[in-house]
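Quick setup: one chain, the form predicted alone, written in structure tokens, and binding and motion questions come after.
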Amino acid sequence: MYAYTLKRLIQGVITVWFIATATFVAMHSVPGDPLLNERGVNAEIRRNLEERYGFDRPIFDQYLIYMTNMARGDFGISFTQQNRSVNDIIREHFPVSAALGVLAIVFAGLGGVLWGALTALYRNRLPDVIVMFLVILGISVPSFVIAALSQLALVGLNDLVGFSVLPVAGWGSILHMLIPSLVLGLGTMAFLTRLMRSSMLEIINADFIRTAYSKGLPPTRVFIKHQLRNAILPVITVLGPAIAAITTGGFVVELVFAIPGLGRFFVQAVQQLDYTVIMGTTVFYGAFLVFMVIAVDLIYGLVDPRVRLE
């Protein structure tokens, strides 16, 4: 287990290095000067920034400076936001995105397991048909469309009852989080529902399930201990990529609902060509997602006693 953990950590470090290198190459392939903004108008400020980040040096020297700063955890200073470092932006706004993402994962995970098990138990009957129709909609419709429609529905609901049942946008309380997190996790919930349904249908007809019934075990115990526990393993496997999908989708949802998360600043940085914010947030998100995938791999070995990670 320790050898496997060390191996996965080394692979994770290599992956983060590749992400950082690819981000560096991509940013230097974009046409334009990142210092052509209000921060770079002053000639002295421009010289200081060029010296700090090596913009006046060969590309390989810039890469070494970039990787050295990254290894120290220094993502630099924003070119467009006055007196704000990228580290401060991440420290202040990532907790907002993390809270939204965690709640979205909870909605997606619980909903996916619940609806997937329900559709398997009622296969080819009305509950299965209704849920699978909604699943197809959840997978097909983009999150920004669902976000806009949910805002319109909230506005109509608030006008109908004469007071604000749920906030339409903004941030500050658990009520502000409910609809955005549900919208953010809806696509992942639909995907997990299909996966859980397929897994449950395979488990229901397995030999050990028939053996459990023949031993006289009650249906509730067979469902919880044998069917649900074994069917949920593929869902745990895809939680890492699911977290990645939810984190990426959060960029658009945060913009639509005016949530001050890190994704909103990333989109603004791309629009303004804020060199350091783009590179810093990309590497930070990449490292975070690699860590989550490794954690899911290790948890999988603990959940399934048949798996021995050696």
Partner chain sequence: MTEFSLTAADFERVSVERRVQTIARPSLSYWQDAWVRLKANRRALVSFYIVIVLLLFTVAGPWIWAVDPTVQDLDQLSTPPGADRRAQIVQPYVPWNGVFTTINESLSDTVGATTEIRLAQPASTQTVRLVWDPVLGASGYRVYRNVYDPAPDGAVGLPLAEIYDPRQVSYEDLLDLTPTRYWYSVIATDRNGREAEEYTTLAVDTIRVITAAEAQTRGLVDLETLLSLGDEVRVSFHPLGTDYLGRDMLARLMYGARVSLFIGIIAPLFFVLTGILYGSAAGFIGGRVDQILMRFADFVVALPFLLFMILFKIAFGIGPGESGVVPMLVALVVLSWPATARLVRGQILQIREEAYIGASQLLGAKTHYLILRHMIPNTVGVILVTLTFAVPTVIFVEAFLSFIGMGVAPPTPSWGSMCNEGIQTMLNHPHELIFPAALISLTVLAFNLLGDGLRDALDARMRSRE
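Note that this is a predicted model, so its numbers are computed, not measured. Positions refer to the first chain, counted from 1.
There is also a form predicted together with its partner chain; it is not shown, and the following applies to it.
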item	value
Contact assignment for its partner chain in the predicted bound form, among I243, M70, L273, I259, heavy atom within 4.5 Å	L273
Listed residue that, although its partner chain is not shown, lies within 4.5 Å of it in the predicted bound form (heavy atoms), from A99, L166, L118, V145	V145
Proximity to its partner chain in the predicted bound form (heavy atom, within 4.5 Å), stretch among 198-206, 100-108, 176-184, 227-235	198-206
Partner contact for R123 in the predicted bound form: its partner chain, 4.5 angstroms, heavy atom	yes
T211, heavy atom within 4.5 angstroms of its partner chain in the predicted bound form	no
In the predicted bound form, L160 touching its partner chain (heavy atom, 4.5 Å)	no
Contact label in the predicted bound form: V267 to its partner chain, heavy atom within 4.5 Å	yes
Heavy atom contacts to its partner chain in the predicted bound form at 4.5 Å, residues of 3-24 in sequence order	Q11, I14, T15, F18, I19, A22, T23
